[in-house]
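What follows is one chain in structure tokens, specifically the form predicted alone.
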Amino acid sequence: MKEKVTKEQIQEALIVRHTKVVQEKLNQARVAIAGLGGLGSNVAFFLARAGVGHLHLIDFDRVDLTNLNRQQYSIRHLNRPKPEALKEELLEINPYLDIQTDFLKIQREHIQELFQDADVICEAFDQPDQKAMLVNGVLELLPEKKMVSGSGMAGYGNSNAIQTRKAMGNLYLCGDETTGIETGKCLMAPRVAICAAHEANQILELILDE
């Protein structure tokens, strides 16, 4: 039988690690994650463990067997929509998070409606054309929004090549900006997770430095 853990107990545990001032900011924060693959699913796990109170999970894909080498899913999730499966997992970490899901393929015309309430937008797509569409769309339509984008994490080794930098305005890039999926290099869990950790860390910095 599972032990019942209260919201207050989880908050107390987070405050012990983060301090009350920090945790109150995280509780109020709203982060939208576009793409729930190797980058996005790991970013979501990091943010949920940090106690970010409001997460918006967006993807049009279903969990596939080829996802399991680097993404936060299990065999029990196969063929399920990624937003639904990931929400289930995150609520096992903290059942009191506010998690919104959208099972759809983001188009330019969706951008304002989907992201208008987000404090920070996380871009975590695989394909370069999707990345460009979302980044350019947010920069044009929602220029006041802070955005963290992944660019290059394929292969293995050379961990320190993955960096975070401010590209322009409210846009931050994480990765080596070279080894994307289009290079044909393999995607493996460690390097993908390093890039996801950079994205999550930058998101937390933007929330807490506000």
Partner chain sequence: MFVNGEQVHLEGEQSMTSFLEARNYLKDRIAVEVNGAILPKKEYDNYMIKQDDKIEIVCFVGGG
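Note that this is a predicted model, so its numbers are computed, not measured. Numbering follows the first chain given and starts at 1.
Although not depicted, the form predicted together with its partner chain is the subject of the following passage.
Peer 1: Which among 156-164, 50-58, 22-30, 35-43 is in contact with its partner chain in the predicted bound form, heavy atoms within 4.5 angstroms?
Peer 2: The contacting stretch here is 35-43.
Peer 1: Report the residue, out of L104, L139, L78, I93, that has at least one non-hydrogen atom within 4.5 angstroms of its partner chain in the predicted bound form.
Peer 2: Of L104, L139, L78, I93, the residue with a heavy atom within 4.5 Å of its partner chain in the predicted bound form is L139.
Peer 1: Heavy atoms within 4.5 Å of its partner chain in the predicted bound form: does D117 have any?
Peer 2: Contact check for D117: no, nothing within 4.5 Å of its partner chain in the predicted bound form.
Peer 1: Would L187 show up as a contact with its partner chain in the predicted bound form if we use heavy atoms at 4.5 Å?
Peer 2: Yes, L187 lies within 4.5 Å of its partner chain in the predicted bound form.
Peer 1: Could you tell me if K87 has a non-hydrogen atom within 4.5 Å of its partner chain in the predicted bound form?
Peer 2: No, K87 stays farther than 4.5 Å from its partner chain in the predicted bound form.
Peer 1: Quick check on I181: any heavy atom within 4.5 Å of its partner chain in the predicted bound form?
Peer 2: Within the cut-off, so yes.
Peer 1: With its partner chain taken in the predicted bound form, which residues across 102-132 come within 4.5 angstroms through any non-hydrogen atom?
Peer 2: Contacts from 102-132: F125, D126, P128, D129, K131, A132.
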